[in-house]
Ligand SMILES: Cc1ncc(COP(=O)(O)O)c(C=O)c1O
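Single chain ahead, written as structure tokens, the form predicted alone.
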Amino acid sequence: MKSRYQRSAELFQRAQTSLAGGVSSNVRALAQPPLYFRRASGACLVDVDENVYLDFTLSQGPLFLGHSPPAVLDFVNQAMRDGQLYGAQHELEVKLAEQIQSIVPCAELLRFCNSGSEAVHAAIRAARAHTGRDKILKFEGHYHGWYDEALVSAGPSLVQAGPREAPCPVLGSDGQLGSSGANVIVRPWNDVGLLRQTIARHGSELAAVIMEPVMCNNACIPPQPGYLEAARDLCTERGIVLIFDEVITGFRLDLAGAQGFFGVLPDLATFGKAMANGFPVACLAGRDYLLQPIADLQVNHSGTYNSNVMVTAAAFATIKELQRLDYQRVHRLGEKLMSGLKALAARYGLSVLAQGFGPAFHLAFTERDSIVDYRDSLEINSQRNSEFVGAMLDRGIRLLSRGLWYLSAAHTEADIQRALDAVEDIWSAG
């Protein structure tokens, strides 16, 4: 019998002779089977075998308006007819900066770049330049891009991580310099007491504390009540730059990002993904005194493709659409989906945890009632999750292998019910 994924399988086999591993990002190698897509619109994707999928991956989160929104594509098409890349300034980048400045609380000045990894790199450099200190504090399981110094303890085993109170910095890739973690202090997240102890001991060495304000990359863990506020106060007391990595939460959790949603302002924040609905752009935003050294050319920040016409137009049009969006509707849809998943799990006697927020949440096969830090997430039954994701794919529902579900403005009540019907079909069969 012909496989429903046959054409994708053939393309993947062919790709392995030209692309390393057959893919262009290591994350994509985790998807099984590796699918090839032909077109997408709204909340749906169509692969090269003409299978149609309801999409809850949204390309790892950027597509908050859904696939191929006409308002964004039309604006990009119109803008790029006049030019794509000038090696100089253009008016639209000023308009985009002003637009973000009017929305994001901490955005007194901005710089545009091409990816979240670049934005984080610039944020850390700016923090070091301002403080004259070398070390940064990051948290287990938080992902801040694939650059050497950022890719530390993003997914270590317990054996690698070592003691909870003082984890070892664990490099995430072969080929990283052994010194990549030398200026990185790692701690578990969501523990105010441990954060206070660490800053009391290392505060004079720390240039920055960097975190995802919601730990989206592992189990979509919300901050414990008062945690973000404590981090803000402690950084202020010791002259440490507080950086929020809002590459996922920015423009998704709220128009003003997690900082707007929780009412806690960082000194610097990085944005990407949802800000341009799939176009490759990111930005560093923050206090004017932290970005002034970049403006004065004392801190290098460069890039040939920064604020090119296509991505600037995409971001401007996307944010314009988001300013009209009913965010509460997306939150309600996601909450309804989470509630439905919990109800089905209870009906069929399954130990399942759904946590997070409407626009992004995590489904875990675990005995735990909650997951509050990375070490808790290591108790998730990854094999059960992998089997579930595969079964959902066969029923036309595309999910991320790590259990994170993304909602978009394009999803409907009918889509939520379709997903729940597919889950019930799987779980009722035992």
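Numbers for residues come from their place in the sequence shown, where the first is 1. Treat the numbers as computed from the prediction; the structure is a model and nothing was measured.
Keep in mind that the form predicted together with this ligand is not shown, yet the notes after this line are about it.
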Out of 300-308, 142-150, 231-239, 188-196, where are the residues with a heavy atom within 4.5 Å of this ligand in the model of the complex? 142-150
Checking Ala285, Ile243, Ile248, Met275 against this ligand in the model of the complex, the residue with a non-hydrogen atom inside 4.5 angstroms turns out to be Ile248
Just one of Gln355, Ser117, Ser180, Thr131 has a heavy atom within 4.5 Å of this ligand in the model of the complex. Which one? Ser117
Does any part of Glu212 reach within 4.5 Å of this ligand in the model of the complex? Heavy atoms only, please. yes
